[in-house]
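In the form predicted alone, a lone chain appears below as structure tokens.
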């Protein structure tokens, strides 16, 4: 079930209505049922995987509190890691590593008869696996107590607003909310709905419209001049931002309507002044997950400069592999890591508005360069596209169905998005700015926003738009 689908527009109000009519003490039961139904709409059989991950991490967390001795606790924790990462590895990476092994031996002149693995990737598996593992590791570290109620914990893992593509929530933030009663709050609900509106605007008006041009150019890049590939890659930077930030805002807003608070996943990433700063602002739930559970255990920054550089490279290489079972994702992660390592050896930048703007532009270009590897179908394709940008930059562009009118709509939408980001960058919020506006005017603005999304959003057959990019991860 997509957020941007007619079925969700029926599902969500029904869930909210029943939730607040349900007896307060057991409302979480209704949310658990709704969350599992939401996930089963994708593929009912794969609900067994999320259930297995839930039961294993739940049992391991309880086991770690009952086992005496650090060695026993570590053994239970490693067992939970192996089971969960084993499931993730089979469904997401088995075909990739088998193919890589075959190509490696082929380069040595050895032909291997390897099994072909072709399994459907369960939607959201990377997200809910990391959320469950984060909980288990928090219990191992003694930062939280293990949850005794299996079904409450199951809701923590499967909470439908953020189940499929995050934010990857921490047990210290979300788990205690599962154990609390939530009353209906009209102001909170209106705030949540406004955040959802922003998410639909980012997804339907910006991301899906930008994808029309990006897909057209990337689909026939062999005939496109370098400037057009570069332009499509720049458009992809805003496509993926609108797509993923849009999902996160819809998730955060939907949770807020239900009385839950989810963490921010984006913080004006294209206002970043360095690659390191960018990763403090982009996909925050994942970058902080890797920081806390991989980078810091490796030694973090409390080691020699060379060891710190190695820790950064390991973290971002694994992050690239998390995003997809393909070498282009690995290279994408390594490039982001390498640029941060280089930044660590550069002198501290001097202050000044002009210098800050220049650093923002340079950072965007560098990040956009790495996005080419993210968007390309393979590593070889990405390298050939870079070659066209470098050596075949000029020439007439290929024809696309992306009209001047569509470019104008996208341009205006991007100006609105960047203006909102600038407002937040200056320490203000949209809700704060609207708080001084009379209620009737806020209602009129909300209605206008809905009409604009309906009029200028990209809709497919049956009012189902494109799936979110991060669903494939």
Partner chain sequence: MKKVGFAVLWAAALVVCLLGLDRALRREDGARKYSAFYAETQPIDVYFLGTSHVMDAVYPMELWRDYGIVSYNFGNPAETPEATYWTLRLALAQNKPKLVVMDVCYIDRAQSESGSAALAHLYLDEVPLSPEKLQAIWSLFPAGSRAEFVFPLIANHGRWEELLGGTQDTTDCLPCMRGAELRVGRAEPAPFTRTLEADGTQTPGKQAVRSIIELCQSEGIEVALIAVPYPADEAKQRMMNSAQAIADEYGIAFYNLFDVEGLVDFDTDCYDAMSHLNPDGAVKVSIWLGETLSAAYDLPDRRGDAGYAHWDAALAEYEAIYEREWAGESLLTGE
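As the structure is a prediction and not an experimental result, all values here were calculated from the model. Numbering follows the first chain given and starts at 1.
Below, we refer to the form predicted in complex with the partner chain, which is not included among the displayed structures.
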Any idea which of 220-228, 373-381, 184-192, 298-306 reaches within 4.5 Å of the partner chain in the model of the complex, heavy atoms considered? 184-192
Pick from 173, 149, 403, 94: which has a non-hydrogen atom within 4.5 Å of the partner chain in the model of the complex? 403
Three residues, 6, 443 and 454; all within 4.5 Å of the partner chain in the model of the complex via heavy atoms? yes
Examine residue 409 and determine whether its closest non-hydrogen atom to the partner chain in the model of the complex is within 4.5 angstroms. yes
Looking in the model of the complex, any heavy atom of residue 209 within 4.5 Å of the partner chain? yes
Given that the partner is absent here, does residue 427 sit within 4.5 Å of the partner chain in the model of the complex, heavy atoms only? no
Would you classify residue 69 as touching the partner chain in the model of the complex, given a 4.5 Å non-hydrogen atom cut-off? no
